[in-house]
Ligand SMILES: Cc1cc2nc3c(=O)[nH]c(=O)nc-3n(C[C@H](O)[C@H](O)[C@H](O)COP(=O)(O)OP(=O)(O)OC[C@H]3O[C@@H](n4cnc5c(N)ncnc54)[C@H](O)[C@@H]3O)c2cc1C
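A single chain, nothing else alongside it, follows as C-alpha cells in the form predicted alone.
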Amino acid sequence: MKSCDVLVLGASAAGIAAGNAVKAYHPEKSVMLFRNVEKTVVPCGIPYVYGELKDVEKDIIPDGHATGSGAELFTDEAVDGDLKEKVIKFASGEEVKYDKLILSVGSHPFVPPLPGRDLKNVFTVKKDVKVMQEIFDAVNKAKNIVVIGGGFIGVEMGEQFNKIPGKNVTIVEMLPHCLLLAMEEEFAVMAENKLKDAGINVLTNASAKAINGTDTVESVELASGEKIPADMVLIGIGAAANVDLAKNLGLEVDMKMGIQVDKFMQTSDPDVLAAGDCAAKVSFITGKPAPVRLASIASEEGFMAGYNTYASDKIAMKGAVGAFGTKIGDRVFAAAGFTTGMCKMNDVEYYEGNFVGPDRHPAAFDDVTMDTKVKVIFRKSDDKLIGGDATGNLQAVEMANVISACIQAGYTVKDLATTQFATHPKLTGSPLGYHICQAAENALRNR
C-alpha cells in the first residue's frame, strides 16, 4: 500500500493548483496526484483544437506543471475508499493511505434525455484526449454539423467548426439569444451577429426534440417539427459536478450543485477538501448556491484547498463572481458578475451606466475600435458594483477582469468612477473617456 501526506484526486486546473500549493507552503509534506485520463488537456482550449490549432496534442498541459513542485503524478481512477481508515482504492487494485485528501474530480457534460443521443457521431465535450480525437476525426469527415446549445461551449465549438472549409454549421439555442445567461442582451445580440456574419446558421428560441438516424445521426428534429440535416452533432449545454465518489465515501453532497464545502474548501470530513467543478459554490453577490464552473475559479479553489491543508491562517473563499471572456471573429466579448437579468431573477434593485467610445486616443489611429463598449451594474441598496460587460478588442477581457476584481473589493459607484488607470494613446481610450470610469460616472449621474 502506498502512502502520502496529501492525496489529490484529479490533475486538471484545481488538482494541479492544489498540489503545487501544498508543496509551496508545506514543502515537507508528500503529495500524490492521480488522474483518470492519460493526459491533462487545457480545458478552455478544447474548442480551438478543431479550427485553429488543428491538433489535439497542441492542447495538452505538460506533466511538469503538476510534478515540477515535487508532487508525484499517477494515472488511475479512484473507485472507493474508507474515510475512517483514510484509504482510497483505485481501479487497478492499488490502495493509497493519506493524511489529507483533496477531491478535484471535476465535472461531466450534462446530456439531456434526447432520443438518439447514443447514435454514432453524437458527441459531448469531454476533457479526454481520446474523445477529443474522435471529435476531430468526425468533424473532418462531416459536412452538416449541428451544435445543441448556444452558451460559451456551443458558441466556441461552433465557431471553430465553421473555420474548417466545407462545413455547414448550425447552432440551436433555446433562449432568445446565444450567451444570454452570461451577458447583457445587447452584447449577446452583437456576438450572435458575429456568428451569423461568419456564415453560421443560428437558431434561437429553438429546442431539440430528437436526434434522428439508424446507426449514425442523420438529422436533428426541433420542437417545431423542423428537421436539420446532420452527419455530426455536438451537445454542449453545460456540465454537472462529479459527486459519485464523494457520495460513496459518505461525504455530504448536493446532486445538482456538487460536494458540500465550507468557506475553507473543507467537506463534511475535516480532513477531506474539495475544489473545482466538483465542489458546490455560492454567489459572491447573493450568497446563494451558484452553478458556476470555470477553470479560473477551479485554480483559485485548488490553491486555497492546498494551502489550507495544514495552514493555521486558512484562506476563505468569499463566493464565485463568474468572469467570462470569448472572442468571436475579430471581436472580444466579456462579462463579470450579475447581468440585469440576474438582478431581476434575484429581486436585486439596480442601476446601470454605459459608455461607448474609441479604444485609442486620438481616434485617428489605424487599429482603433470605435465602438468599444462597457456596461456596469450597481446595487441600489449600497451602491456597490455587482456586474459588468465589455466588448471591443483584446482590452475587453481585461476590462471584465478589472470589473471582477472591483466587485470582490467591494467598490461602490464612486470608487469605480474615481479609480486611477494607466492610459496611453496607442493602448487605451482617453483618460477623459476611459470606458470603465466613464460608465461608472454615467451610472452615478443617472442613479
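Numbering starts at 1 and runs along the sequence shown. Predicted model, so just to flag it, every value in this text is computed and none were measured.
There is another form of the same protein, the form predicted in complex with the named molecule; it is not shown, and what comes next is about it.
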The one residue among I46, A66, V402, I386 placing a heavy atom within 4.5 Å of the named molecule in the predicted complex is I46
In the predicted complex, the residue from A334, A298, V220, I259 with a non-hydrogen atom within 4.5 Å of the named molecule is A298
With the named molecule left out here, work out from 70 to 78, 196 to 204, 365 to 373, 212 to 220 which stretch has heavy atoms within 4.5 Å of it in the predicted complex.
-> 70 to 78
Kindly indicate whether N36, S104 and L294 are, all three, within 4.5 angstroms of the named molecule in the predicted complex, using heavy atoms.
-> yes
Is there a non-hydrogen atom of K127 within 4.5 angstroms of a non-hydrogen atom of the named molecule in the predicted complex?
-> yes
Indicate whether S12 is a 4.5 Å heavy atom neighbour of the named molecule in the predicted complex.
-> yes
Using heavy atoms and a 4.5 Å limit, would one call G276 a contact residue for the named molecule in the predicted complex?
-> yes
Distance check, F152 to the named molecule in the predicted complex, heavy atom within 4.5 Å = yes
